[in-house]
Structures are given as structure tokens and as C-alpha cells.
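We begin with a single chain expressed as C-alpha cells, specifically the form predicted alone.
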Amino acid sequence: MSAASLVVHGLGKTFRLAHRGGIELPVLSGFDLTLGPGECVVLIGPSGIGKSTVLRCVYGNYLPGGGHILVRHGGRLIDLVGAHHRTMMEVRRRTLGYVSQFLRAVPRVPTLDVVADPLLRLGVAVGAARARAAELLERLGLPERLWSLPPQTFSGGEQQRVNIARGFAVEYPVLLLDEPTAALDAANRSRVAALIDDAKQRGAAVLGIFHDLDFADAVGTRFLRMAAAER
């Protein structure tokens, strides 16, 4: 295998429930993961085991309670635990993509520009960024008549396809996918599977959570069953 794209070692996370008298709830304890280029590792386990918490810790939405998160960025491994905010933002811009179940977009911005935005932030020319956005929206079955409209007016499934297109606009070396197909029918899940396969073919390392086991079987190259943290 080529050099690892993502290494998680000894990751811990405990939530403190202030509204429950400060009760501490351990979710992750000593979690380890190594992910290489071209792989799609699927996290599996019961609800509440910490699958989404892993992705949110890697992306920097949650502050880990311990351990290391090493991402290959600019040819070297960078530990994101304790990294400077500017470093984290640069890794997100160029190396680490994230697709959740929910679209968070600026109101009244046209769909085409919502999808093109990550490319524009990298300095890609407007025409090229919009062309890439149009390609992805077409592949995901969003009709062109919707591209000039803000996605807040769309159905849940349409919004999710916009979310996926935005997440795949940049060819990130590492992709985090948190149940991106939860609101999609079988035909649209197949479209997403094709995008994931393309990403793997170009060498992206994918870490995913998928509620549909048939979909997980189709895109996953390896499965990692998570164990409950000690409480």
C-alpha cells in the first residue's frame, strides 16, 4: 500500500452533559484507523457507538480528548489534534473534504454557485468552477432549470444531491462521508456510488458511514467495526 493518507491513533472523546449535572459520557476510547489512497473504509456498528463522532473529530468539528489525527497534506503528515486554526482551514480547503446528511448554504445563493464555491476559494477561475459544478449537478440528476435557484427551495433529496456535488467539487485526497445517501432513492444512490468509485480510482482515501448495507458493500473496500468506549 502507498503511504497512508489518514492515520488515527488512540483517539478519545468524552462529552460532558451540562444539562444533566455535568455527567461525562465517553464515546471514543483508544480508537485507531489507518486509511490509504484508493481505499473506502466503512465504519460499522450500532447507533450511538461514535461513528459520526470519529468523522467530526477528524474534520475538526469536535475537539478530541486525546490521541492523534494525522492527515497527509502537502506531502507530509500533519497532526490535526492541537493544530493552529489557520492550518486546519488550509487542510480543509485543499486536502480534507466532508459531506454530511445536511446542506448548510448561504441563503439566496444559486445552486450552481453553492457547488462551485469550494473551487472559487482555491482560486479556480469562475468559468472553470461553474463548469465543474454543472458537470456534477448533471451527473447527480439535478435538472439545469434548478441551477439558478437557491437550494433552500428544493426537496430534501435534491438538497442532498447539491450537498454531495459541493463535497466532490474539489478532488480532495481524503473524503469523509457521513451518511450522504440517507435521503436518496436507489437511482440516485447509484449515481453517488459512481462518484465514490471515481474518487477511489484517482487515489482518494474515503472514510464513510452508510445506512444502506447494499450501498456500503458496493463502495467499501474494507469494513471497520467499532467497539463501545469503556464507561
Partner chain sequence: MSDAAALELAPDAAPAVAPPLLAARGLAKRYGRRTAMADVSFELWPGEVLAVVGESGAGKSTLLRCLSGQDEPDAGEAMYRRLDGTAVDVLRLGDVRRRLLLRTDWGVIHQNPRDGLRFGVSAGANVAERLMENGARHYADMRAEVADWLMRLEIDPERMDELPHTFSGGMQQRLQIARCLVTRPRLVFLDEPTGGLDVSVQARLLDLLRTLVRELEVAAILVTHDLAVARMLADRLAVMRDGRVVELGLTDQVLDDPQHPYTQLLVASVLPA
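Quick caveat, the model's predicted, so the values are computed rather than measured. Numbering follows the first chain given and starts at 1.
Although it is not shown, the form predicted together with its partner chain is what the next lines describe.
### Message
I'd like to know whether Phe223 contacts its partner chain in the predicted complex, with contact meaning heavy atoms within 4.5 angstroms.
### Response
No, Phe223 stays farther than 4.5 Å from its partner chain in the predicted complex.
### Query
Does Ser190 reach its partner chain in the predicted complex if we count a contact as any heavy atom within 4.5 Å?
No.
### Message
With a cut-off of 4.5 Å between heavy atoms, is Leu146 one of the residues that contacts its partner chain in the predicted complex?
### Response
No, no contact at 4.5 Å.
### Task
Report yes if any heavy atom of Leu70 sits within 4.5 Å of a heavy atom of its partner chain in the predicted complex; otherwise report no.
Output for Leu70 is yes: heavy atoms within 4.5 Å of its partner chain.
#### Entry: Non-hydrogen atom within 4.5 Å of its partner chain in the predicted complex for each of Arg56, Arg76 and Thr87
Yes, because Arg56, Arg76 and Thr87 each have a heavy atom that approaches its partner chain to within 4.5 Å in the predicted complex.
### Query
Only one of 57-65, 43-51, 174-182, 194-202 gets a heavy atom within 4.5 Å of its partner chain in the predicted complex; which is it?
This holds for exactly one stretch, 57-65.
### Query
Can you name the residues of 99-123 that have a heavy atom within 4.5 Å of its partner chain in the predicted complex?
Result: Arg104, Val106, Pro107, Arg108, Val109, Asp117, Leu120, Arg121.
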